[in-house]
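One chain follows as structure tokens, the form predicted on its own.
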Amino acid sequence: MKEKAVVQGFANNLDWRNRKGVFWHVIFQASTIVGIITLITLIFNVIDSAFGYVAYEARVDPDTLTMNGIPLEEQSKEQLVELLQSTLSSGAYNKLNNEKSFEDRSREEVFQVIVERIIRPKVVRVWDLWPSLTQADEIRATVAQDFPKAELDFVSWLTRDFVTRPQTSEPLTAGVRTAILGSLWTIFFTILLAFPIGVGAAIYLEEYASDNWLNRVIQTNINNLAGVPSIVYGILGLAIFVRTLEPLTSGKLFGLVDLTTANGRTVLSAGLTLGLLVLPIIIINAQEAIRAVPRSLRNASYGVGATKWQTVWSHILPNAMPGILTGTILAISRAIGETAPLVVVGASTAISFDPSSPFSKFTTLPIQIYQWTARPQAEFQSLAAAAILVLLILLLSLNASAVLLRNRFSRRF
């Protein structure tokens, strides 16, 4: 009887554990499904805003800009430059020529200037992708009735020109080239600061540091710094890099100050600030990767007479590198999407020239997206959606490069 009771209790306990396992399996599966649905909804919402019909009116009719009977679209570069010179004021023309000489511009670039400065198309109505596909006839009727002088085109806001054009105040001619270059410059200096220092600190803490109160305090502070809000790092960057180290970050120390420099509010300051932001994350992930290398590998190295540094350099680092690069990928992914620290450090919200050095003014893709989404016009919401797609593509490209590099360093042990 006692044995039967024990068997029955075991069976009941097993059934209960199985039911509990099924319950949590359903919970985890539901969480995954909700996450996938949310991601798909987000991506669809972005794509829906990046394409669709646009109704616009030209402030100056292109047909009135003929020269010697030649339509604007067929005019040569020299004729287009002559048209600009005769239409714009001397001050406006000279400013454009100083930014980039018209002799160095291609015909397409000069034509783009004419569109921006003379024709100046004005967007009067924007439709998202879904209404454009399902209500095309109603849209055409609305434009014919409400905007008889407007032209209606199906527009992809994400184009090659959008990626290669600088920022402008006109939505139809705006681009993100300056923001892309600013993001790449900034991330370059972020990696340059955070990666070697982070890996070096992780090696010291795991392989060389003794277990005393000072090192325990350092480790605790590193763990705490990983959770500090990013705006705090922005304030720190403002105090240290923008103000205290202004001679260095503005280029004055090297005699490289020019009109594009903004008193320490430069690419270098932004990159160093983001480097501090991701440094604790890189240190913690690198420590975990180093800690995961088997102790037997270290002992084998010491057994053949290798020194401490030879063991670290030739055995521990190569085997920990995949984990270190994984942590770096996550850290850089966070840095490339940051906005708050860069706003504090002094990122420009409106800038038309590309950063040409570490001491240049700058903007980044998240700052550009923030600036466009803050505007009430629907066309700028579409521009922001296209910029979000560019940011995602850039982020995925950088991550893919890092993953390939990580796989190259992967070793079986």
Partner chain sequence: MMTNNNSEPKYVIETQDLEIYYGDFKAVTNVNMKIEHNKITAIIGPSGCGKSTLLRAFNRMNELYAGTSIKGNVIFNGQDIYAKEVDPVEVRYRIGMVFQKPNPFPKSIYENIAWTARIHGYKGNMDELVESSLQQAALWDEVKDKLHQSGLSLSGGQQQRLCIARAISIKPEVILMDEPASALDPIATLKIEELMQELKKNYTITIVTHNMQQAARASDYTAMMMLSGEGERSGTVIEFDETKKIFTRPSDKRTEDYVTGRFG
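Everything quoted here is computed from the prediction, not taken from an experiment. Numbering follows the first chain given and starts at 1.
Missing here is the form predicted in complex with its partner chain; even so, the following discussion is about that form.
Chemist: When the contact criterion is heavy atoms within 4.5 Å, does residue 159 count as touching its partner chain in the predicted bound form?
Modeler: Result no; residue 159 lies far from its partner chain in the predicted bound form.
Chemist: Would residue 295 count as a contact of its partner chain in the predicted bound form, using a 4.5 angstroms cut-off between non-hydrogen atoms?
Modeler: Answer yes; at least one heavy atom of residue 295 falls within 4.5 Å of its partner chain in the predicted bound form.
Chemist: Against its partner chain in the predicted bound form, would residue 75 count as a contact residue? Criterion: heavy atoms within 4.5 Å.
Modeler: Result no; residue 75 lies far from its partner chain in the predicted bound form.
Chemist: In the predicted bound form, does residue 305 come within 4.5 Å of its partner chain, counting heavy atoms only?
Modeler: The answer is yes: residue 305 has a heavy atom within 4.5 Å of its partner chain.
Chemist: Find the only residue in 112, 87, 333, 310 having a heavy atom within 4.5 Å of its partner chain in the predicted bound form.
Modeler: That would be 310.
Chemist: Among 301, 168, 215, 132, which has at least one heavy atom within 4.5 Å of its partner chain in the predicted bound form?
Modeler: So the residue touching its partner chain in the predicted bound form, by this definition, is 301.
Chemist: I need the one stretch from 312-320, 230-238, 98-106, 151-159 whose residues put non-hydrogen atoms within 4.5 angstroms of its partner chain in the predicted bound form.
Modeler: The contacting stretch here is 312-320.
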